[in-house]
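Only one chain is given next, in structure tokens, and it is the form predicted alone.
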């Protein structure tokens, strides 16, 4: 499977604090990549860079758009990427259906009723977004991303606040999108969650990528998560 997104040497910081150091990451077509790391490891910063909403201090992100290599912040690349941040961008004064119709109008893609049904949002379609629980807002944010036919889906802690039934529905939905050819990056700090869905797995620790491989390497990934950069160094010299 070919790479849809290729990031090389990403580095970034905020207010003198280093957030990312020399991060490499590839997302493959028809593949779910699990993105493991503790809170504060730099996962959200990485996703913002991949989504093209943050330009890194150094490094590059190339997105394959219909055979053309495009920078992540270009209009063509951003159209091919859908991003669901941990805190969804929803208007508190809009109902769930109004919010999704607004999102659909911006991209001109997808079917609002389909994503409402897929994410079990029917009971709350008339409720204002500002009155939703965290988990329900999360599902609305994911629904907005799924309204697009983007070839890349970036999901930042997508199961935060969801109950087990909602998590299972989301897994099935994303596995279907993967089988349709999408490249999906699923961020989490819960290893069991990644193990349940991922084809590939990568681990970020204190802003550094310490592991990147297929799911069969998950045990190594967990070692890397606890050991940090020292694990990567030992792996390279073994």
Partner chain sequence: MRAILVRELRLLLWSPSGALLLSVWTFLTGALFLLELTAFEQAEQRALQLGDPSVLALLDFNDLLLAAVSQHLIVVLLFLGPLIGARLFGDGASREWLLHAAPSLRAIVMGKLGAGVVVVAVLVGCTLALPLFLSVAGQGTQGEGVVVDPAQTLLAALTVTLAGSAFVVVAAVVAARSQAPLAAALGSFLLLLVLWLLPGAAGLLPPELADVVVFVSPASHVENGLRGLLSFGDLLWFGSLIGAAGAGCGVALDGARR
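Numbering follows the first chain given and starts at 1. Fair warning: this is a prediction, and the values are worked out from it, not measured in the lab.
Heads up, the form predicted together with the partner chain isn't pictured, but that's what we're talking about next.
Contact stretch among 114-122, 159-167, 130-138, 83-91 - heavy atom within 4.5 Å of the partner chain in the predicted bound form: Residues of 83-91 come within 4.5 Å of the partner.
Proximity of residue 190 to the partner chain in the predicted bound form, heavy atoms at 4.5 Å: No - in the predicted bound form, heavy atoms of residue 190 and the partner chain never come within 4.5 Å of each other.
Residue 48, heavy atom within 4.5 angstroms of the partner chain in the predicted bound form: Contact check for residue 48: yes, within 4.5 Å of the partner chain in the predicted bound form.
Interface membership of residue 97, the partner chain in the predicted bound form, 4.5 Å heavy atom rule: Residue 97: no, not in contact with the partner chain in the predicted bound form.
Residue 144, heavy atom within 4.5 angstroms of the partner chain in the predicted bound form: Flag for residue 144 set to yes.
Members of 47-69 lying within 4.5 angstroms of the partner chain, judged by heavy atom, in the predicted bound form: Residues within 4.5 Å: 48, 51, 52, 53, 54, 55.
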